[in-house]
Structure formats: C-alpha cells, structure tokens
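Provided below as structure tokens are two forms of one protein chain, presented individually as structure 1 and structure 2.
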Structure 1
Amino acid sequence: MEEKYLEAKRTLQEYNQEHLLNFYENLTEEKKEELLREILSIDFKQLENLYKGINSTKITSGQKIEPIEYVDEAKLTEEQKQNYVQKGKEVLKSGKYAVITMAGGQGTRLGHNGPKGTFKLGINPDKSLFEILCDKLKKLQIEYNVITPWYIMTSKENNNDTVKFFEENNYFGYPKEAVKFFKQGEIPMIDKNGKILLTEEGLIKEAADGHGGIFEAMFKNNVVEDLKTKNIEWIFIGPIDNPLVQMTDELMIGYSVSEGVLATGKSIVKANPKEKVGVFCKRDGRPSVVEYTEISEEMAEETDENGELKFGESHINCNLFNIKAIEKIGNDKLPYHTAFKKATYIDTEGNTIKPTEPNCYKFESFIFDAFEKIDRMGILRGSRENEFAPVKNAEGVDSPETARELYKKYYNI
C-alpha cells in the first residue's frame, strides 16, 4: 500500500490536490485503501479541463441549430398504426427486445429514505415505482409468452439497497434470472476554486455522472456483451421516475423498424415556449437536443406555418436504440454539463461544512448527447397524459400527487 500512497501523493502534487490526503492517517486500513483506489482512478486532467470550462455554453459560434422532423402519433392513419403495431409485436414476440431502467437516484427530494425506485406512489394497491414498471414486463410475459431481459442501472450509493429490495419482494413475481443490476459511473465534485471535495468520512466526494454515463457503464459492466449473447436487437432505455413510461410500446418499436432508423426518441409538445425542458433539434445536421438555457427567447417562440412551435418537441427520456446504435455510440465519454449544487464536505481543517446555498460543481453527461453520433433517428410525438407522469418533487409540479392523478386517469382506476 506504501507504493500506492506514494503514487497517489505524486499525482496530487502534480494537480495541486494534496489536501485529499490530509486525513489519511485517521482512516482505517480498509478506508485508506479505498481512498487510494479512488485517487488513482480519477482523471485529473479531465477534471481540470471541466473546471476551466464551467462557464462555457454548448452552442458554439457557427453551430447551426434547426428544427427536426417528427411523426405525430395522433395524425397517423389507422392503417399506419396497425402496420407499426404489428411489426412491434413481432419484435416483442421474437425475444429480441430488452429494457434498461435508469434507477441510480435516491428519493431525497421526495422525502423518501432509499432508492427512488422503492418509493410507493400511493395507488391502490400501493406499489413501488419498481413494481409498477415490472408489471409492464409481466404483461408481456402473459400476452406473448416471452421473458424480456430487464437491466437496472443503479449507483454506488443505492445498489445494495436496490438489490435487497428486489430480493425482499421476490422480484415482484418476475424471473430473477431475467433481472440484472449494474452501476453507473461517478465523478468527483469540486469547489469554486477547483478543489476536489472530501466527504465527512474523509473519502472523495463523488456524484453520479448523469444518465449519459449509461453507455460507458453498459460496456464496462458487460451489459452490451450480454445483450449480444442473447441476440437482442432493440433496447429501450428509460427512467424509473415516470410510472407512465411506455417501455414496451409496440407502435414505437414498429415505427423504428419500418423507418429503418437505429434510434427513436419519444416527444411531447412543450406546455408553452418558456417551459424548462430540452427539445429535439438538428445540430449541424445531426439529431440532437437543445437545452432551454441554450436557445434564445426568439427561437423558443418561433412557430411554423401551422402555428406550432418549431422547437417544441420535448425530450422525455424515453429512448429506443438498436444494438447497432449502441455499438456505434460506444463507450467513449459523452460531454459533461455543469450544475452548481449544495454539498456537505469537510474543509482542509477537518471542519464539516453544511452550506445553505450552492457551493460546488457537479458534472453530468446526458443521454441525448449520444444522438449526435447517429446519422438519423426517429422522433415520435406522443401525448403528455399518456406518456409523462414524472415523480421528482415532494409537492407541486411533477410530484407524487400529480403523477398519481395521471396514473389513475390513464388506467381508469
């Protein structure tokens, strides 16, 4: 361990982060080893570059942002719908379909102690978000006599609790062998001076690297290899916190097959031009998503000849990928976006700092940045009431109360 310590110390001196070893001697042997392992796994050059670019925006001079074509489900003919649905059913029946659920978050904002997926929505019978999603796979099992592989991306923070929850609930009656857990990556948090933070325990303060880290995590944890071994062709990737997520949408699958695209994203129309959501677009001719902070008020309010917003297709994180698209995206890191957050940490004197306002930078990658690696993708417009009931806030907008009402209305309960 002495050799690792000296290597870590040299690296920290090079990047002016020596404070990370300030409390090394106070740690147990096990924790010392963990800290050294964390330090030696950090890409310090990357962090340095991220810190230098914290005030930059993603739209750079010369980038061309244009509206993207989409298909509105509501305007399809009955014949088109039936054609898509039939092709979608064939994929589901063939066993060449899998679902990945991004469930790395905790339910802190909901006042819930535990992984967000263990949060109960308050319906009758009361079910957790995990069970609500599992019910959709069990429905396929009954209808098509097929076991759809279910991969769940957890985090370092909630993995053990998530696995335990599934075991305690007997996997909600779904075959245990069809469910696989894998962890998303993490990246250190830094203060306003570019210094990496330490936890109260004296270890590196890290945060999950965002849902865009899913591709790297899939390769690192052999998920892609497992999908290929199972001859999976289509993979749905969606969030845990939307009980209305249509993760086995026959129409969406059939549309993707028929149109010959390698990926399709579900959209819903922006509630209004100022709604704080990312919207699908073309960036320099390639599919992308532009964030609400990146476009001007003029662009946000621009309408087409039908009076619809040109940039009105909200990305709701419902994504369908062909295995070829995932291989094309690869395991390269997607660009990071910066968020200014509050975080408790220990300072260089060992004092615990509990801030009342944002004090550090967190870096996240977003899944939609992967779209730019695909030449062409489909955008399928659905409806808010049938597709989107996010559970993010304890009360008000996108809360359990609003999600519960949308869920009850959709299922007529």
Structure 2
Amino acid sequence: MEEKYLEAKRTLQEYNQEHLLNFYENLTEEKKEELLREILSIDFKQLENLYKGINSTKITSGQKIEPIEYVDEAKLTEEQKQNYVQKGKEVLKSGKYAVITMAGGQGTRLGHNGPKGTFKLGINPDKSLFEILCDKLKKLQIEYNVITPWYIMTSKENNNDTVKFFEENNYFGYPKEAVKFFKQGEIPMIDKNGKILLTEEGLIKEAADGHGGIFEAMFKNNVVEDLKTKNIEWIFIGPIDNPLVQMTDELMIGYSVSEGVLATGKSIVKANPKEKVGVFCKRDGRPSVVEYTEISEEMAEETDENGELKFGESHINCNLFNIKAIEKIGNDKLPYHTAFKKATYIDTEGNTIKPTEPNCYKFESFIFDAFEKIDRMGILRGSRENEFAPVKNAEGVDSPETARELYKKYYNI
C-alpha cells in the first residue's frame, strides 16, 4: 500500500491535485485503499485536456451541418403502416428483440431522493417510472407470449438502490431472469479551477459519464455478448424518464426491417425554433444530432418549402439499433461535453460545501455522437402526444406534473 500511496502522490504532484490526499490519514484502511485505487485509475491527462477545452469554441466550427431526411409516420399510407406494423410484430414475437433502459443519470434537476426510476408519477394506481416501463413488457408477454430481455443501465452511484428496488417490488411481476443490470462508467467532477472534488467520505467525487457511455458499458459488461448468445437482432435503447416511451414500437421496428436501415432514431417536431432540444441533422454527411446551443438562431428558424423547420426533428433519446450497428459503434470512447452542475463536496479545509447554484463541471458523452458510425440510419417522426412526457425538472416544464397530465391523456385515465 505504501508503494501505491507514493505512486499516487507523485501523480497528484505532477497534475497539481495533491489536495486529494489531504484527508487520507482520517480514512479507514479499506477506504484508504479505495481512494488510492480511484486515484491510480484516473486519466489525469484527459481531465486536464477537458478542463482546458471548457471554454473553447463549439465543435461545429468547420463542420457542415445540414438537415437530414426523415419519414413522417403521419404521412404513411394505411397500407404502408400495416406492412410495417406486421413486420414489427413478427420481430417482437420471434424473441429477437431486447430493450435497454438508460437509468444511470443523476437526475439532479428532479431532485428525487433515489434513482429516477423509483420516482412515483402520481397516477392511479400510483406507480414508479420503472414499473410503468415494465408494464409495457408485461403487455408484450401477454399479447405475444414472449419474454423480452430487459437490460437496465445503472451507475456506481445508483446501482445498489436500483437493484434493491426491483427486489423489493418482486420485479413488478416480470420474470427476474429476464432483467439484467449493468453499470456505466464514471468520470471525476472538477471545480472551476480544475481541481478534482472529494466526496464527504473523502473519496473521489465521480459522476456517471453520460448516456453515451452506454456502448462502452455494454461491451465491458458482456451485454453485447449476451445479446448475441440470445440471437437478439434489434435493441431499443431509451430513457427512464419518459413514461410514454414506446419501447416496443411495432411500426418503428417494421420500418427499420423493411427499409434495411441499421438503426432508427425516433423524432418529434420541435415545438418552436427556440425550444431547448437537440435535433437530428447530417454532420459532414453523417447522421448526427445538433444541440440547440450549437446552431445559430438563423439556422434554427430556417424553414423548408412546406413551411416546416429545416432543423425540426427533435431527438428524444428513443432509438432502435440492429446488433450490427452496436458492433460497428464498438467500445471506443465518445467525445465528452461539459455541463456545469451542482455538487456537494468537501473543500481543501474539510468543510462540506452544499451549493445552491451550479459550482462544478461534469463531463458527459452523448449517445447520438455514435450515430455517425452507422452507415444507414433512418429517422422516423412520431407524434409528441404519443411518445413524449419527459420528467426532468421538479416543477414547471417537463416536470412530474406535466408528464402526469400527458400520461393520463394518452391512456385516457
């Protein structure tokens, strides 16, 4: 351990992060070991570069951003719809379909005490977001007599609480063996001066590395291998915080199969040019998503010959992948984006700092940065009322209250 301590100290000196050992002596032997392990696994060079890049110009500079073609579900003929739905049903019935729910986020804006999926929406009967999603798989089980594997991505921070919640609720009556949890990666959080933060326990303050960490996590945790063993061909990857998420969308599956695409992204029409959402686009000719912070006001307002926004296909984090697309994406790290967030930590004197305003940087990769690796990707426009009831903020827009209303309206309850 002595050797590890010295090695950690040398590294910290090199990168000006010596404060991480300030409270080392107060830790138990076990925690000392944990802290050293954490320090020795940090990629300091990468963090240094990320910190340097925080205020650099946006990544779009020099890149060609163009509108992307899409198919509008509402404009399909009845015959087309029926054909797609029929094909989709066949896939669902064949058992070659799986669902992954991304539930590794911190849910800081919602401020719920516990994993976001354990949040109860307040419908009658009251159900957690996890149970609401599970109901969709149970429906499939009844309709098609098929048990769809359900993978849940958690993080180091919320994995134990998530698994416990499923155990306590008897997996909501879904077969336990069909549910698998896997943890995504973490990355340290830093303050405004580039210093890595410590938790109240005296360990490294880490946060989940964004939903883009999913592919690396799938490979590392043998999820890809498991999917292949089960002969799964299509995998829906979606969020935990949208109770209207269409995880078993027959039309989307059938469209993907019939059109021979390797992935399909579901879009909904951007509510107005100023709405703070990312939209599908072509980036240097490849499928991508451009964030609202990345495009100029002028681009955001551009319309086509039908008067529709040229950049109007909002990405709602509901995407379907063929297993071949996942293999193509592989486990390389996706680029990190920076977010300024609130985080409790201990300062260099050992005082606990509980911020009321954002105080530190978090680095996250985004799932859509992987789209450019997919040769054929379809964009399918769905309808907002049928697909989207986000639970993001504690109140106001995209809050439990708005989601509840949308949910009730959709299910007519």
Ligand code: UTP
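Rigid core (definition): largest C-alpha set, two forms, superposition within 1.5 Å. Here, residue number means position along structure 1's sequence, counting from 1. Computed from a predicted model, the values in this text were never measured in an experiment.
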property: Structure identified as the form predicted on its own; result: 1
property: Per-residue C-alpha change between structure 1 and structure 2, T348, threshold 2 Å, rigid core fit; result: yes
property: Yes/no, N359 Cα shift of 2 Å or more between structure 1 and structure 2 with rigid core fixed; result: yes
